[in-house]
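Okay, here we've got a single chain as structure tokens, the form predicted on its own, with questions on binding and movement later.
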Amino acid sequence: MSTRIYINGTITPPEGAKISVFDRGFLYGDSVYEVMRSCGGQLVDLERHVTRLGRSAQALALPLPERDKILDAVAQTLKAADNVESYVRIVLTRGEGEVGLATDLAINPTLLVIAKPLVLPTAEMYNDGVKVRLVGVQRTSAKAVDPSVKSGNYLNNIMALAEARKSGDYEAIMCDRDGWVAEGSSSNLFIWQAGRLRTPSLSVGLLAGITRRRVLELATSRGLEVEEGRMRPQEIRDADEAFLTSSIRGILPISYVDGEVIAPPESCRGPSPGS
């Protein structure tokens, strides 16, 4: 198993991968990216990921290489890495140029692909679930850095996760400025409550996850009642079940929210108000 990196047509091991310190992806997070995994040696939802990469690039007015060039770069890198299963990241930056915020200072976009051995959460995490925490860090407004764009500007998510990890929790759940639940630092959120599968609406301000969409499609095809809407933090705590979705982890159950077991049996709950 190995890690291989494609940078503008050259494939190299990690120690040979070099990028200019004047690249805007490094200086400003002026970039877009996609992450996916393979299963049975085939990349999962590759076409959907490349399509979303294009939407993100368009939203930032970032020049996008031809689709075939991106697909060929991914195929070459995967072949060079030669892993049983791989984690793959595609990164497109505006390129390098003189230091400054103006986009016309960039010269040529940088296309980068990383392929490395796939590492998944432990079997225990899939079986027993993970702990999540609703954090004080708010999800950025669409009028600031649009959450629907999968960009390299990730400080919002980084600080949210850092807050959750201080309490020993696996994932941070962020809300918007009005207190509506949005998403995890690197995941989408679902709850099962009163016979309905619920997830925050894209209108709240969150990434339209590829796996999120797959779950919604599968649920609808099986006749389940599905709701994309708004939810308050307490609704997660009161859920019958809850889980996270992401392209690498797939579906990962949640066992604790803010240190409390999700939907414990009545006999395990504390006394009701006024009792």
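The structure displayed is predicted, hence computed values, not measured ones. Numbers follow the displayed sequence, beginning with 1.
Note that the form predicted together with a small molecule isn't included here; everything after this is about it.
A.B. asks: Is it the case that 139, 184 and 247 all touch the small molecule in the model of the complex, with a non-hydrogen atom of each within 4.5 angstroms?
C.D. replies: Judged in the model of the complex, 139, 184 and 247 all sit within 4.5 Å of the small molecule.
A.B. asks: Can residue 33 be called a contact residue for the small molecule in the model of the complex at 4.5 Å between heavy atoms?
C.D. replies: Although the small molecule is absent here, residue 33 would touch it in the model of the complex, with heavy atoms inside 4.5 Å.
A.B. asks: Though only this chain appears here, would residue 157 touch the small molecule in the model of the complex if you measure heavy atom gaps against 4.5 Å?
C.D. replies: Yes, residue 157 lies within 4.5 Å of the small molecule in the model of the complex.
A.B. asks: Does the small molecule get within 4.5 angstroms of any non-hydrogen atom of residue 237 in the model of the complex?
C.D. replies: Heavy-atom contact with the small molecule at 4.5 Å: absent for residue 237.
A.B. asks: Does residue 211 reach the small molecule in the model of the complex if we count a contact as any heavy atom within 4.5 Å?
C.D. replies: Heavy-atom contact with the small molecule at 4.5 Å: present for residue 211.
A.B. asks: Please pick, from 133, 94, 198, 150, the one residue with any non-hydrogen atom lying within 4.5 angstroms of the small molecule in the model of the complex.
C.D. replies: Comparing distances to the small molecule in the model of the complex, the residue within 4.5 Å is 150.
A.B. asks: Work out which of 62, 53, 207, 242 lies within 4.5 Å of the small molecule in the model of the complex, going by heavy atoms.
C.D. replies: That would be 207.
A.B. asks: Pick from 176-184, 73-81, 94-102, 162-170: which stretch has a heavy atom within 4.5 Å of the small molecule in the model of the complex?
C.D. replies: One stretch meets the cut-off, namely 176-184.
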